[in-house]
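Listed next as structure tokens: two forms of one protein chain, kept apart as structure 1 and structure 2.
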Structure 1
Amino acid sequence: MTLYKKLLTDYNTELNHSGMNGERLATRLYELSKIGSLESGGITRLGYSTEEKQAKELVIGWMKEAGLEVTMDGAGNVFGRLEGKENGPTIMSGSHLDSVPNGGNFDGPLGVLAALEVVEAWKATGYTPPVPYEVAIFSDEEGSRFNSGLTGSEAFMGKLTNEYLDQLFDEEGKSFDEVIKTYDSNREKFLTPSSKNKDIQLFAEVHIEQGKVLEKQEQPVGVVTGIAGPAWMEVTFEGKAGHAGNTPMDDRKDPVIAAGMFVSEIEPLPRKVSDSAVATVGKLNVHPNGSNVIAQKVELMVDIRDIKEEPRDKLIDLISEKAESIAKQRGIEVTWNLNTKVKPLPIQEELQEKIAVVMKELNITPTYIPSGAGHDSMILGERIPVAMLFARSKAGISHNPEEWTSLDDCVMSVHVLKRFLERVMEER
């Protein structure tokens, strides 16, 4: 069954109102799903790949059909502009079209198409927004091409440097400069922040939840309270290598035992700082990694996140103290350092409540959810007010061919976005 037919199987056509058309949204999700499609049912559209470029070109065609004036900056970011009644600050909405390898069909595309569907709805109802509105497609959000995400939005905001780009090579060994040539761009154009030419009042992003909260609450759409800023702590426990058979248990300095204790004792720490903090050990290397060898050292990575900076940094302190305490207890050495530390983005409560009011008007019970994953909104939000909506994800699955958000929920997210944007524009 095609994605189009699957989306329409249980679609409630009563949601086709206020200029919104679920069949059109399903068609566009389906057409995008063909680009980079795999036999698994998933897609691979890496940032700055031929497939990502084709996806952008397809949406650009839809933008132009909807009457938008389309431009592309030096980072390959696309903007479709609808003029308003006045020339006030622009309202912007959108997301990305790239994917992880063998990813799903909703992560990113839903946000782009939701923003475009708002334009289609306005066109159908004869509504002209009070101020200009832009639909945005940001490049390389996932970062799978260069193992470094949010490239397009960071370039847009002027956050990247020559030194950073010098480090970027893909799996084929191509440099960033070689890759960006496919967009008829170069390093100078890429590093020119196009945000300087835009007066943006608000950026709003629709995204799939990638979690189970909305499913558990039986709600189609949720309010994002903030976007967690990740901190990656690299921890190394170093002991003394030895023979597994000839070294008595009471004469060992085994870093694997210390690492095991550390991983286990991290689990309760996030709850000591906030309800939204999390910590994860997902990468662990043992050296020399022999089955009959007491290890010399263990290297591991701790991913630490929260939507607020103060509790996130407090959690960093608790985890580092735990590592040092365990190392002292076990008589071994420990070193740690932070190799990534991204500022979290709390979303303004005023904007959250405007979304909540709209949801209540649409008979949706507001559910407030922190985003543990990074998004383009996080980058723009450092200088521009942002708002985010989550659409319900089936079983919380994402970055996977089984990723699924029903058409009902997709369309409801557009209804909420549309009414919210109108409210912001008209109340300015």
Structure 2
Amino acid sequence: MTLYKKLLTDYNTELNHSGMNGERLATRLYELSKIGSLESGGITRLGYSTEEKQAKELVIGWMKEAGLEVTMDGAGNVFGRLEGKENGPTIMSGSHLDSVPNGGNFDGPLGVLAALEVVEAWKATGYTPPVPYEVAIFSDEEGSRFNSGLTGSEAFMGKLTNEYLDQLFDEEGKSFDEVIKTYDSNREKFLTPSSKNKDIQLFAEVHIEQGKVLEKQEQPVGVVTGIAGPAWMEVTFEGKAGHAGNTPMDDRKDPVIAAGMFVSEIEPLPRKVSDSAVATVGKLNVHPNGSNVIAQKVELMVDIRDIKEEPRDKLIDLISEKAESIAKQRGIEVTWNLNTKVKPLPIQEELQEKIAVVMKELNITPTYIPSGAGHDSMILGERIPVAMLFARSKAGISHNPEEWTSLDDCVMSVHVLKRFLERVMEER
């Protein structure tokens, strides 16, 4: 069954109101799904690849059909502009079209198509927004090509440096400069931020949840409360290697025991700082990792996140104190350092409340969800007010061909986005 047919199977056509058309949205999701499609049903559409470019060109065509004025900046970011009744600061909405290898069809495209669908609905109902509105496609959000991420939005905000770009090579060994030539771009254009970024009053992004909260709450759409900035803490416990047979239990300095205690004892700590904080040890390596050898050392990484900086940093403290107290208790050495520390982005409560009001009007019970993953909104949010909506993900799966959001939920996310944007524009 094609993605189009699958989306339409259980679509509730009563959602086709206020200018919205589920079939159009399904058609576009389906057309995009053909670019970089794999037998798995998933797609590989890496940042700055031919596939990402084709996907942008397809959407640019739709933008033009809808009457938008299309521009592209030096980073390959695409903007489709609809003029408002008056001039003034722009309202922008969008997301990205690139994917991880063997990724899904909703992570990114839903946000771009939702922003465009708002224009289609306005056209259908004869609505002209009071201020200019732009649909944005940011390049290379996933960063799977250069092991980076958020390249388009960072360029847009003028955050990239020569030093950073110098170290980017794709898997084939192509430098960043070689790759962006295919976009008729170059370093200079890339590093010149768009003057556009100073003119935006609000950026709103629709994205799939990539989690299971909405599924549990049985709600189609949720309000994002903030975007968690990850801190990556590298911890090394160093003990004393020895023979697993000839070293009595009381004469050991076994770093595996210390690491085991650490992993299990930090598990309750996030709840102590906030409801949204999380800490994860997903990477752990034992050295020398021999069956009959007491290990010399254990290196592990703790991924620590929260949507607010203060509890996140409190959690970093609690976790590092735990590492030190366990090392002391076990008589072994510990070192730790933070090798990544991204500022979390809390979303203004006023904007969250505006979304919640719109949701209630549409009979949705507002569910407030922190975003654990990074998004283009996180980068724009450093200097621009942002609002973010999550659409329900089936089983919380993402970055996977199984990624799924029902057409009902996709359309509902557009209804919420549209009403919210109208409200913000009219209230100015």
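Residue indices: 1-based, along structure 1. By rigid core we mean the largest C-alpha set that fits within 1.5 Å across both forms. Since this is a predicted model, take the numbers as computed values, not measurements.
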Only one of the two shown forms is the form predicted on its own, so please name it by number. 1
With both forms fit on the core, has residue 242 moved 2 Å or more by CA between the two structures? yes
Taking the rigid core as the superposition reference, indicate whether the CA of residue 287 shifts 2 angstroms or more between the two structures. yes
Once you line up the core, how about residue 210: does its CA shift reach 2 Å between the two structures? no
Once the two forms are fitted on their rigid core, how many angstrom does the CA of residue 251 move between the two structures? 2.8
